[in-house]
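In structure tokens, one chain follows: the form predicted on its own.
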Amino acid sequence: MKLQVRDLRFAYQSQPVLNQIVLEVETGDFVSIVGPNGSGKSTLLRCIDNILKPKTGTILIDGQNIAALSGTILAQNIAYVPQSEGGGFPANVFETVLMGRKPHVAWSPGRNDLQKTAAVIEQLGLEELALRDLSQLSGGQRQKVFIGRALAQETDLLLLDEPTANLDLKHQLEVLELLKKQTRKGIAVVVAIHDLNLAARYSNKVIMLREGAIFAAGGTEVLNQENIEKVYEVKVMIMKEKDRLIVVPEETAGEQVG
């Protein structure tokens, strides 16, 4: 699988949001998109999933322009998990994960679809919750269910918008470990994420956005003191512990410590 974004520009009416975005994602990549609020992270993901139509530019998956793909074909190639999704609609865990099979179902789910759904639920350790309504689950459990629905699509590319938002530390790690495991199976994962330490820990590629443009892109080395201070306007200290990068905020730009 190869995703290519070429000279992407997007605007809400006359307000520019993304400008000249160029990036590539390949099989097995774990890509973190980082940047301040309003830098365009969520908008970029929605453009890649063809939810939003760019003003200019091209998005290709395996050489095919996504704008020319039907909704079903696109859903067979790309799965998207939004930042927040209500859990109050009347569906249980099994039914929700089964929804991910929709792009592969001609009329109604068959035995194969039910088996694949059960396998995803088992993989996520949600067997005991399979018949429980989503409204009865914790935030971390619901997030796992929505990721399970995306996995049931059997795509080669997963897009996730703030998959660890509002989760406690344990569930943050569980979700990101789960996603990292998918990259080892050959699936590419792209996440918009705020936590730079988690981005450094799990990613092999990082894209830093600032005011809708790519400020820096590469490996985790782009999460250096100079880049972070310029993008976030905050003083930081960078440490390493067992080859793991740790970003410690110290003060905002212009703040005096005394």
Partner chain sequence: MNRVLTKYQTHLQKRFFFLGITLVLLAVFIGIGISLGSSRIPFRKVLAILTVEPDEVYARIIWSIRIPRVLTAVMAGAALAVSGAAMQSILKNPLGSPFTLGISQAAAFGAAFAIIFWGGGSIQSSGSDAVILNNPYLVASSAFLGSLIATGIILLMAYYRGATPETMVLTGIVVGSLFTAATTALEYFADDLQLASIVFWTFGDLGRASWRDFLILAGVTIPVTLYFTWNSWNYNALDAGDETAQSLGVNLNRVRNRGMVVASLATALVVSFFGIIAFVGLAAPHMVRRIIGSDERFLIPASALFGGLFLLIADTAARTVIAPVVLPVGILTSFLGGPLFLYLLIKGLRRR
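Residue numbers count along the first chain shown, from 1. The shown structure was predicted, so the numbers you read here are calculated from the model rather than taken from an experiment.
Another form exists, predicted together with its partner chain; not displayed. Remarks below refer to it.
Each of 6, 41 and 60 having a non-hydrogen atom within 4.5 Å of its partner chain in the predicted bound form: is that the case here?
Not one of the three qualifies.
Please identify, from 206 to 214, 222 to 230, 44 to 52, 22 to 30, the stretch that has a heavy atom within 4.5 Å of its partner chain in the predicted bound form.
It is the stretch 44 to 52.
Here the chain is shown alone; which of 176, 147, 98, 188 has a heavy atom within 4.5 Å of its partner chain in the predicted bound form?
The option sitting close enough to the partner is 98.
Residue 102 near its partner chain in the predicted bound form, any heavy atom under 4.5 Å?
Residue 102 belongs to the contact set for its partner chain.
Against its partner chain in the predicted bound form, would residue 139 count as a contact residue? Criterion: heavy atoms within 4.5 Å.
No.
Is residue 111 close enough to touch its partner chain in the predicted bound form, meaning at least one heavy atom pair within 4.5 Å?
Taking the distances in the predicted bound form, the answer for residue 111 is yes, it comes within 4.5 Å of its partner chain.
Quick check on residue 183: any heavy atom within 4.5 Å of its partner chain in the predicted bound form?
Contact with its partner chain, no.
Just give me the residues of 126 to 149, first to last, that have a heavy atom within 4.5 Å of its partner chain in the predicted bound form.
Heavy-atom contacts to its partner chain in the predicted bound form: 127, 128, 130, 131, 133, 134, 135, 149.
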